[in-house]
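We've got the same protein chain twice here, in two forms, each standing alone as structure tokens: structure 1 and structure 2.
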Structure 1
Amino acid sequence: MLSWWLPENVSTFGQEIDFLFELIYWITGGVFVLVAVAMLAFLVMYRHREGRRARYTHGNTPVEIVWTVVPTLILVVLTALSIPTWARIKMQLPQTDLKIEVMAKQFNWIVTYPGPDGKFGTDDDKTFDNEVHVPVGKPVVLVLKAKDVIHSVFLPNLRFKQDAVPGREILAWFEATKPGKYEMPCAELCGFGHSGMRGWLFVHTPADYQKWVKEQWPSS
């Protein structure tokens, strides 16, 4: 139910993240209800009564072993479920010919396309402020850099977040599943203009994307 509030997911790996979110929500929610009900029941059943004497006990080893082992197993299983998804998102960069450099600076995203030659640092590079254009259904690799302080590219609808760190070049990827215009805020405090530092991700249909490319690089 907490997941009602999640923004609409439009990325390939987003559904895996949402699945884990939902799973953890139901497990932790269930545990909370059990604990809360037990606690309230005990508070009512064992409230102070004249002449009542509390049960004199220091513990119960079998019960204590159960409530140590069961949570451990659940948590280890959650780890085992989390790690493959994590590896897929952050460790396995897909093959793609669409690489875009995002240079973060106070308080803008400077977005650079390598142009038709596919190489950065050549004459046909083209730079945009706070705008990323990508086609739907194709993996996109972002080359994240930062000029001054740490920033963080956050694409809520794509379940994407990665810090951009000065002095580093960090590669990250996503693949959008639905055309549209999605907000791209900065998620790491970067100074007085942090709030309002945001760009837009335009996810186009393949045809629209080709049209956009033609407009930008008419000669090729």
Structure 2
Amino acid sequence: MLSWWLPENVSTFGQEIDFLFELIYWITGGVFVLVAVAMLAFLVMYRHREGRRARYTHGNTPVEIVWTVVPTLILVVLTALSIPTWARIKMQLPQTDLKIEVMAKQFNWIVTYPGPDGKFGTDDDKTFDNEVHVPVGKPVVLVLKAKDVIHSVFLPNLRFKQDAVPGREILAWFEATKPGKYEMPCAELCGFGHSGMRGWLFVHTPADYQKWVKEQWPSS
């Protein structure tokens, strides 16, 4: 397992992402080793030797079929394994009453909560700079927007990454499984200050989240 060098997984779908990542890692790593060993062997076997003439060869049809069919089958299997995970994460939205708007701009995240009425663009909206607060164990839908250029919301610990594109409203979701403070950098080169564009995701226990909500909307 490769979890020792990946960020801690605190997402409900993180295990599926990690499985696919590790599977692709070991396949590509194995192919790299085979190609490197074959290259070194050929360098030795077919090195220049005095008195040996070059011999023309047209190729080897069975070998060519094998190195075409095997990668094709590997890609087909990887696709078949990936489709269910992709569909669950990217093609479906969970039923939840917690929606948060994240507006990306050079070079920060403008995070807006709809307030007790559950509607964006009303007087009870609350806006925060580079801070997202959510409860643990509850699906969260992010409404992603961009003000200027393409940005990308990246939550490594939640295996979440989604572009924010100017002129578009993109919905994406996650569900955190462990309270904590997690980094939220921009993962798309967006200009001179890109490296400093970083926010934080605060995952609270249900009780602490309700306390935070009461602090923001005392009259609710």
Partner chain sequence: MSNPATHATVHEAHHELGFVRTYIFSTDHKMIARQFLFLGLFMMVIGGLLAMVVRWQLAWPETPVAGLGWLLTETEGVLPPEAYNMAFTMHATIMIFFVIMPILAGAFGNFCIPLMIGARDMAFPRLNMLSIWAAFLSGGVMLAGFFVPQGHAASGWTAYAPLSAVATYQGVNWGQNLWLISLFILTISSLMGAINYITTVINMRAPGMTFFRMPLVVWSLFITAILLLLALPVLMSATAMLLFDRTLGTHWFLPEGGGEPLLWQHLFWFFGHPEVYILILPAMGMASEILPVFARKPIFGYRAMVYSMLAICFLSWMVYGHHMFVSGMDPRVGMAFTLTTMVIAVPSAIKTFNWLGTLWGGNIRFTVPMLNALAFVAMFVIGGLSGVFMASTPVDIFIQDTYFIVAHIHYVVFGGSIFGAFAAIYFWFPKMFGRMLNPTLGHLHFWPTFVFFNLTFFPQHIVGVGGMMRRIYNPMQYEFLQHLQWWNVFITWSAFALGLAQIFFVINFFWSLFAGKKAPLNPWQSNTLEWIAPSPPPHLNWGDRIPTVYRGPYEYSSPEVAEDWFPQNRSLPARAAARH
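Between two forms, the rigid core is defined as the largest C-alpha subset superposing within 1.5 Å. Counting starts at 1 with the first residue of structure 1 and goes up one by one along its sequence. The structure presented is a predicted model; accordingly, all values stated were derived computationally and were not measured.
Assignment of forms: the chain in structure 2 is the form predicted alone, the chain in structure 1 is not.
Put simply, the small part of the chain turns as a rigid block by 10° against the big part between structures 1 and 2, using C-alpha fits.
When the core is overlaid, the C-alpha of Arg52 ends up 9.8 Å from its other position between structures 1 and 2. Comparing between structures 1 and 2 on a rigid core frame, one finds that Ala41 has its C-alpha moved by 6.4 Å. Once the core is aligned between structures 1 and 2, the alpha carbon position of Val69 differs by 3.8 Å; this is the C-alpha shift at that site.
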